[in-house]
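Before any questions on how it binds or moves, here is one chain, the form predicted alone, in structure tokens.
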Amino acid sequence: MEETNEKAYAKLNISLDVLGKRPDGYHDMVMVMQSVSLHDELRIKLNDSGELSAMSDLHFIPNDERNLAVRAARQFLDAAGDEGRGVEISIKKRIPVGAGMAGGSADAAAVLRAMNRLYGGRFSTGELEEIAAGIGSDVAFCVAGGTALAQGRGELLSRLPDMPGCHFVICKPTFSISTPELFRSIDSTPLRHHPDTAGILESLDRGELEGICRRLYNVFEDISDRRIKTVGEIKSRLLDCGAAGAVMTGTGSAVFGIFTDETMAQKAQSALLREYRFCCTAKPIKPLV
């Protein structure tokens, strides 16, 4: 039996813009994405059973092809022409579910990387990203991670200079926010502002963290929703604790602040843990492949 371990790294949105709804029902997006050190741990085993399954330490996560990790295994085997293989996936979750941090997509991407290694590097990174694009919107980014500009549904990726050194404090309230519900809301809500994506890209080119922090923006925060009010409260707490900037990631509900000082970040984490169940620190990571 062939097996290997792989880490699945969480994603944060430095910025998120929605340009409009497409004829296929998806939305055109422009996002600056960053992978961070917070990760799930996966173990992938190949066998000859012909069955694909996933097990997790969270009982409510599906173990069949409703799970993106299982779907990734299926897509990989199809692409490799080895449909008769069996795959057993074990997932230890650390990325909170329903947070806008691409936990499921990161797991799927980790399966693709791990299986590619077990198959002797059958596919290039670009080919893995093509396979990933058919699984879910954030999976392609999560294959390599690092810092990237994502467009289209999120599958059109442009590598960017590495994020300057910093510390993230990530806080998630107890509730999650429905992604389809937010997209329906944004279709009927005129957006007041859009991120200064060009300014973020320029700041990345110059390695200027301050310029990035000034431009953190997520258009979903414009939605009128009582839960977004809590997002605003967490942002305020992070800024009060010394964050250089704070924003909601993805469709929420997790919020993160960027800190230049590690001690200050740890103090902020401790302060927010008194009010919220999940709060952690993380660092930006460079591309994996």
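Residues carry their position along the shown sequence, with the first being 1. What you are looking at is a predicted structure, and each value in this text was computed from that prediction instead of being measured.
What comes next is about the form predicted in complex with a small molecule, which is not displayed.
The stretch in contact with the small molecule in the model of the complex, judged by heavy atoms within 4.5 Å, is 20 to 28, chosen from 6 to 14, 275 to 283, 262 to 270, 20 to 28. Put simply, residue 137 is close to the small molecule in the model of the complex: some heavy atom of it is within 4.5 Å. Residue 179 belongs to the set of residues with a heavy atom inside 4.5 Å of the small molecule in the model of the complex. Taking non-hydrogen atoms only, residue 183 approaches the small molecule to within 4.5 angstroms in the model of the complex. When contacts are judged by a 4.5 Å heavy atom cut-off, residue 93 does not count as touching the small molecule in the model of the complex. Screening 153, 122, 194, 74 for any heavy atom within 4.5 Å of the small molecule in the model of the complex leaves a single hit, 153.
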